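One chain follows as structure tokens, the form predicted alone.
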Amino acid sequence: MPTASAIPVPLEVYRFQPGVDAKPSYRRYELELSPHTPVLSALLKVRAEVDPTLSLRYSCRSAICGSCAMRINSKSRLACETPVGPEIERHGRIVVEPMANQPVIRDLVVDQASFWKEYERIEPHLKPDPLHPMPEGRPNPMTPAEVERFHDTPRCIACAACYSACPAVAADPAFPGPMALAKLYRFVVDPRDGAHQDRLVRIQTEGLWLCLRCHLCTEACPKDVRPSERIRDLKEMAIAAQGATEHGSRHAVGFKTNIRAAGTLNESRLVRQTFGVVGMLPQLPHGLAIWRKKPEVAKRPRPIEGADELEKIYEALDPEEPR
């Protein structure tokens, strides 16, 4: 029986069984619940008392296992830690859908094979340095400063909320996803790992630079791992380890030097810096089309007012790097 503090909770739940249903649909359920009730509890109430055919995945109900990640009002998050009250207050209803970027098995359950494939591809385990083997029979100690470099990456519970929220995953299957890259960062900075250079060299051509820098993964992460920041760190470390060797890293370095030179972007120069003279040839049709509509792109930009202040910022951020 509803309590005195209960509120009406309209749930619109995605329903689809491939091979049985012609297309997905949404089924509406009306519940009376306390505002503090987690969305997961609401779904379990629907399954127990209203519709036993509803399929969903969950386990610990304590934001530890990550099993109940789904989209709630278009945001990828854990259903067990999302109370119904604020969602009703903001949206007037709760729309529950399966995670994106993974095929639906049934209703709110998705096939996570692609997510775990990318996790395995980055080889998320220590690779001891043969020249500096770990002490036999006892742990290899780390200093507090070395542990601090992990940031919060060990907190990741592999819920795939970041993978679901990521537009780069949706746009390009070559992108490994935020979780895999955050896990890779954790091993790259581990002083006990002997494969730092190899990991950084490989990831340069295995999707690192496909990140769109939208930070939606950091917004979705329930454990504040901040994957987008760790991806940024990986990019900086990859350039430091190998230099700007392919389009993504050359574009990043070119963008930086462009802005530093005049405070604004020299677009034609940036294309040369990214692709090289020979690599520019396939881009010529696009460049000519842009030039016809915007001839000023071919002009060298004038330095902005206050460019000397901009240089001070660069020097403060990177005092050892020459202009």
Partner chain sequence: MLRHDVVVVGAGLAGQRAALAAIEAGRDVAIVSKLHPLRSHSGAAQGGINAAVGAEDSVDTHIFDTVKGSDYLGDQDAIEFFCREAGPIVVEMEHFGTIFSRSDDGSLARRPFGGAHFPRTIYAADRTGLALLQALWERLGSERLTLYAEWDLVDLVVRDGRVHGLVAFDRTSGEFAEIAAKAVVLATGPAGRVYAKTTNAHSCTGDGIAAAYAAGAFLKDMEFVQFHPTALLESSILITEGARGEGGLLKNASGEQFMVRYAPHVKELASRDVVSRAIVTEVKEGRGFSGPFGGYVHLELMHLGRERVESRLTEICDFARRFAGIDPVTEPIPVYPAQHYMMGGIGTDIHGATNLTGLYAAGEAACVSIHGANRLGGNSLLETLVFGREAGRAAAAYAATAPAPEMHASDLEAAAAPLRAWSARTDGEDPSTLRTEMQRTMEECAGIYRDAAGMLEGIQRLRALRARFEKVRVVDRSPVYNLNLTDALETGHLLELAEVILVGAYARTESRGAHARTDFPKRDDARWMRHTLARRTPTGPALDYAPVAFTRFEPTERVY
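The structure presented is a predicted model; accordingly, all values stated were derived computationally and were not measured. Numbering follows the first chain given and starts at 1.
Although it is not shown, the form predicted together with its partner chain is what the next lines describe.
J.: With a 4.5 Å heavy atom cut-off, would you call E81 a contact of its partner chain in the predicted bound form?
T.: E81: yes, in contact with its partner chain in the predicted bound form.
J.: Within 4.5 Å, heavy atoms only: does S25 come near its partner chain in the predicted bound form?
T.: So S25 does not count as contacting its partner chain.
J.: Is there a heavy atom of P285 no more than 4.5 Å from a heavy atom of its partner chain in the predicted bound form?
T.: Taking the distances in the predicted bound form, the answer for P285 is no, it never comes within 4.5 Å of its partner chain.
J.: Taking heavy atoms only, is P295 within 4.5 angstroms of its partner chain in the predicted bound form?
T.: No, P295 sits far enough from its partner chain in the predicted bound form that none of its heavy atoms falls within 4.5 Å.
J.: For the interface check, one of 60-68, 269-277, 285-293, 251-259 should have non-hydrogen atoms within 4.5 Å of its partner chain in the predicted bound form; which one?
T.: Result of the contact check: 60-68.
J.: If the cut-off is 4.5 angstroms on heavy atoms, which of these, G92, P141, P103, P86, is the one near its partner chain in the predicted bound form?
T.: Filtering the options by heavy-atom distance leaves P141.
J.: Please identify the residue among A195, I239, L210, A158 with any heavy atom within 4.5 Å of its partner chain in the predicted bound form.
T.: Among A195, I239, L210, A158, a heavy atom within 4.5 Å of its partner chain in the predicted bound form occurs only for A158.
J.: Could you list which residues of 95-127 come within 4.5 Å of its partner chain in the predicted bound form, counting heavy atoms only?
T.: Contacts from 95-127: I105, R106, V109, Q112, W116, Y119, E120, P124, H125, L126.
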